[in-house]
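One chain is shown next in structure tokens, namely the form predicted on its own.
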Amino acid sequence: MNDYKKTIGIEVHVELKTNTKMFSSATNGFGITANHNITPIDLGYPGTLPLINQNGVELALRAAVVLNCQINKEMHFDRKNYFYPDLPKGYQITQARTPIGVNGYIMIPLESGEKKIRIHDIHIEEDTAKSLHQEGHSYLDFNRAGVPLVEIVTEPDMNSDIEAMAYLEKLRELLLYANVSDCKMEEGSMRCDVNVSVSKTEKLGTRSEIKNIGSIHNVGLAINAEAKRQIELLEKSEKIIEDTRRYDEKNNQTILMRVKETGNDYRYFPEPDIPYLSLSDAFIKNVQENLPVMPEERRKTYLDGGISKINADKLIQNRELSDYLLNFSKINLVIASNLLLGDISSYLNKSNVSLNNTKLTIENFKQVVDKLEKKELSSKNVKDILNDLMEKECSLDEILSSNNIQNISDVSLLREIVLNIIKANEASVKDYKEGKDRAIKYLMGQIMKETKGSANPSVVNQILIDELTKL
């Protein structure tokens, strides 16, 4: 069974972060009372005319740019005709023949190195209403009808669950940082359909499509479950039939929804109520030049600044912390990242607040990092003043003063104190030389007691070891 090769292609629908819908003035928002954000256009009333949302086009173009696509400057919208209750017009407005972007790609990180995943196209379309099925009844919420989408279609370039999940993680990362979408799969703003086939030869096998998988993790599980099902059928010399399926998370298997006996005939034709759209060079250039700082540029800055790969990835995964670091051009990135990912993240999680909703100022953060670097503050000091840093509108000096923190950083003064403690504790010095670890802890305690906790522990520890080594 290991002789079979999986072939995987993915279609992702991503809702765009616009204020209004793609072709109407209704609000684009999640969690609103059902059938509240609607206009006659969204409900398909006769005589209504769609108007293009320019911001939706701009965000779709931004997505096409970060996915390295060729841009179609001349575009039109098409009608995709089919009947379903969630589609009151009887057709969906989409881009069948002139997608905004074609022939793109992204590079995904794998243990064996990077792999190129080709993007066949990215096109703009409107979302449908949301269907709800409860207690034998079906309900429709038209708040989602007309919400701007881009559909991103790959070539069948992936061959494992690992590659598919890496692609989706990378895609999500790019779209988040480009401010195209919030990509919240739990809210349906990023939805995945996966095509899976298996074969022992270079000829592709018959594919099955798995619709609307609810998480990136489940995409990997669904791929493996579907591949297992197909291999078992082929091993019994049974024929694979092209079909559409869903993933049953509870039983870890794919379930048949419908068989694709014939190709879908959507009778595409150009949308007659929307003029052809021309993107000027200036419009495209403006989008290209005004992208936010993207993940790879940030990751390179972090790694070049000495941040570990693990911490660099953690920063990229936390957009708020990553954006906060953009405020600083000259700062010790290692200390700054450790502070953000450590004590500050712990505070944010416990308090259930975002960094932007705290009182932590850019000036105070920079001063804390600089003082840590100069060993004028210790990590214990930071823990002691953290609540004040995050909750009070005070300068760092005021916070240190109110907490009675005034570290001794004069090395000559500290060395004198250390020598006095060594002289007064000959028994502990003897224990240290005999390899008893607790001795140095005792000596450190005596020094901190003598300085009333105002000495920097790391500086004191180094001086103490230096002096003990000389004896």
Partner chain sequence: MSNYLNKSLKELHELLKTKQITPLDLVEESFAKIKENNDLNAFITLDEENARSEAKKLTEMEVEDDLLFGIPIAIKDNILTKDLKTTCASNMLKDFIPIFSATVVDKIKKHHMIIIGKTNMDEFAMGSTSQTSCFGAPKNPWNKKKISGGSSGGSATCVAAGLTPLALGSDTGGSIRQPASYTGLVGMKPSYGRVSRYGLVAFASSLDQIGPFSKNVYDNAVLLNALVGIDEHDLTSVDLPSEDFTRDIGKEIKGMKIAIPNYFTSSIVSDEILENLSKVEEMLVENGAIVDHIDMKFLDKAVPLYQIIAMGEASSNLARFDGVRYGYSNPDSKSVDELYEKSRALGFGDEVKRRIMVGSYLLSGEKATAYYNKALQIRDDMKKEFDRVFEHYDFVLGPTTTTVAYNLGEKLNDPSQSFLDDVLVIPVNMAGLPGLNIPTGFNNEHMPIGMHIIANRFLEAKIYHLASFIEKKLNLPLIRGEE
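Numbering follows the first chain given and starts at 1. This one's a predicted model, so the numbers in the text were calculated from it and none came from an experiment.
The form predicted in complex with the partner chain exists for this protein as well; it is not shown, and the discussion that follows is about that form.
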Indicate whether the candidate residues Y45, L49 and R79 are all in contact with the partner chain in the predicted complex, with contact defined as any heavy atom within 4.5 Å. yes
So which stretch, 269-277, 330-338, 234-242, 189-197, is the one near the partner chain in the predicted complex (non-hydrogen atoms, 4.5 Å)? 269-277
Exactly one of K383, R97, K228, K184 comes within 4.5 Å of the partner chain in the predicted complex through a heavy atom, and that residue is R97
Exactly one of G305, P88, P156, P292 comes within 4.5 Å of the partner chain in the predicted complex through a heavy atom, and that residue is P88
Indicate whether D397 is a 4.5 Å heavy atom neighbour of the partner chain in the predicted complex. no
Determine whether any heavy atom of F142 comes within 4.5 Å of a heavy atom of the partner chain in the predicted complex, and answer yes or no. yes
In the predicted complex, does E297 come within 4.5 Å of the partner chain, counting heavy atoms only? no
Contact flag, P40 vs the partner chain in the predicted complex, heavy atom cut 4.5 Å: yes
